[in-house]
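First, one chain by itself in structure tokens, the form predicted on its own.
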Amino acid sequence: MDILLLILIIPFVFGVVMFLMPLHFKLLQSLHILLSVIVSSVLLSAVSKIVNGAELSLFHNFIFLDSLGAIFLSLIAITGLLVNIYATTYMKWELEDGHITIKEVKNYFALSFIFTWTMSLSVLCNNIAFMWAAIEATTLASVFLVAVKNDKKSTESGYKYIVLCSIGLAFALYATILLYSAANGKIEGEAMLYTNLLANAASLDPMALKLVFIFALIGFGTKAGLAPTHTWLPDVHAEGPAPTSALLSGVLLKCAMLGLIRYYAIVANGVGFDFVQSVMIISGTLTLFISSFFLIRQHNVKRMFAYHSIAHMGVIAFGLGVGGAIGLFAALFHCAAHSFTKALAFCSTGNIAKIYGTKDMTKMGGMIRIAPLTAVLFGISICSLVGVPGFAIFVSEFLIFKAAAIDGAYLLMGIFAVALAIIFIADFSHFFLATFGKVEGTVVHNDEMKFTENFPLIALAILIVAFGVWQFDSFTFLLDESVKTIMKK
């Protein structure tokens, strides 16, 4: 069977299978891990075919996988697998503490496969209308992962999430319709296919394309968490379970960013790169400074990482704004670096909530003595988030500086440096407070987690360091090919 068809079938079928399982936690836990491994293996098998030069398409190019999509499919496979494994531990704790029922756990595991299915579909769609529909479907699938506890706060957060994202994505729908109207009858082939639109971008009306990009930025930018339409993100992360936050921040935001990047490529090749770069610089700068200002004021560890997600979507936008081959490479690399880092950060908050029974960092302290491994993992995520050399995010932020320096854009370098400095100061003050400070609240679990419980976090930490110090040829190949596709070289 075609590998793309398997990707379209397997996660959905596994979600249905999980719904039909009996209410037995050990069975649900084992099955969730096994099926997650199978799904990720299939996704990575498709990625390996792209790395080896294969061209994958289905249904007359309606579904396809290119090097750009392969990068994001890798994130769904790797980050998704490790978070799903950690979710079995987190849900066990929630079940033991009476915060959740076994039926809600089963629903969570089942919906996580449906969520994976919608994200994979959004990456594989060559038809821009179906890509939009798939991204909208990710909202519907993930809202129940946010409101899994069915209490008042998580339900309100779920409503806010679905309403704001759906309103935002309505602008992306306008962009889709306008782009189709501009292309229909003026280009060869199907006017709904991304590959045809990119190949014939120069034939499209420049004014229409500029309007398309503004709508796409508002629409996909809302879902990705770009300011000023980012307001759903902090509330959702604060109330949702830690694994849900890890999936949303580590994977889902990147799927929305992929939609925006595809429009960036079409419009840039239609009207020139100066327009899209200028728009993305404004968006990235606005996002960086708004998020860094709120970051300083946060004491809730999950809200702090939520504002970090917004900040790093700003970094990706800034990289797209700086542009050029190096800037685009940096922006795409940052998608992967942030995916691993933010998954580790949010999974760490699960451990931290287990230890202190609170998300308020002013009531924490002494974590290095209580749970040294969790403190180290938490520290690795912080070091990567602020761009310490040797960690993955440093690589992409350094490349953005390099791209700006090559272009002589010293003002942009200064703006970027100031924003990163604010984030650096805010993060380390919070980290030292929770890790080395005096315990101000109550310690609920005065011990480190088991190795098996920390295993997914350790694997994420290894990935963060590995991508910070090593160049992986297959991943670099995907990045290079994606940059060539966007720049049509």
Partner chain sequence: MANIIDIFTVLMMGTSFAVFSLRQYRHSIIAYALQTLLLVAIFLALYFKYGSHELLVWSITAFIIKVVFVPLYLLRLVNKLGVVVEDEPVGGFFISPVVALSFSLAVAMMFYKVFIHFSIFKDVLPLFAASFIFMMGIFGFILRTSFLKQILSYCLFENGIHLSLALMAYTSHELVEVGILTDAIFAVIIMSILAKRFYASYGSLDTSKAVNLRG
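If you're wondering where the values come from, they're calculated on a predicted model, not measured in any experiment. Positions refer to the first chain, counted from 1.
Only in words, not in the display: the form predicted in complex with its partner chain, which the text now covers.
With a 4.5 Å cutoff on heavy atoms, I162 counts as touching its partner chain in the predicted bound form.
Though the partner is left out of this view, D407 does not reach within 4.5 Å of its partner chain in the predicted bound form, counting heavy atoms only. When its partner chain is considered in the predicted bound form, N269 lies well away from it, no heavy atom lying within 4.5 Å. Contact check for S203: no non-hydrogen atom falls within 4.5 Å of its partner chain in the predicted bound form. Although its partner chain is omitted here, in the predicted bound form all of L140, L178 and A208 have a heavy atom within 4.5 Å of it.
For the residues T88, Q298, N196, T285, the 4.5 Å heavy atom test against its partner chain in the predicted bound form is passed only by Q298.
Just one of T229, T358, Q277, N127 comes within 4.5 Å of its partner chain in the predicted bound form, counting any heavy atom, and that one is N127. Note that among 249-257, 398-406, 165-173, 329-337, the stretch whose heavy atoms approach its partner chain to within 4.5 Å in the predicted bound form is 165-173. Residues in 375-391 all lack a heavy atom within 4.5 Å of its partner chain in the predicted bound form.
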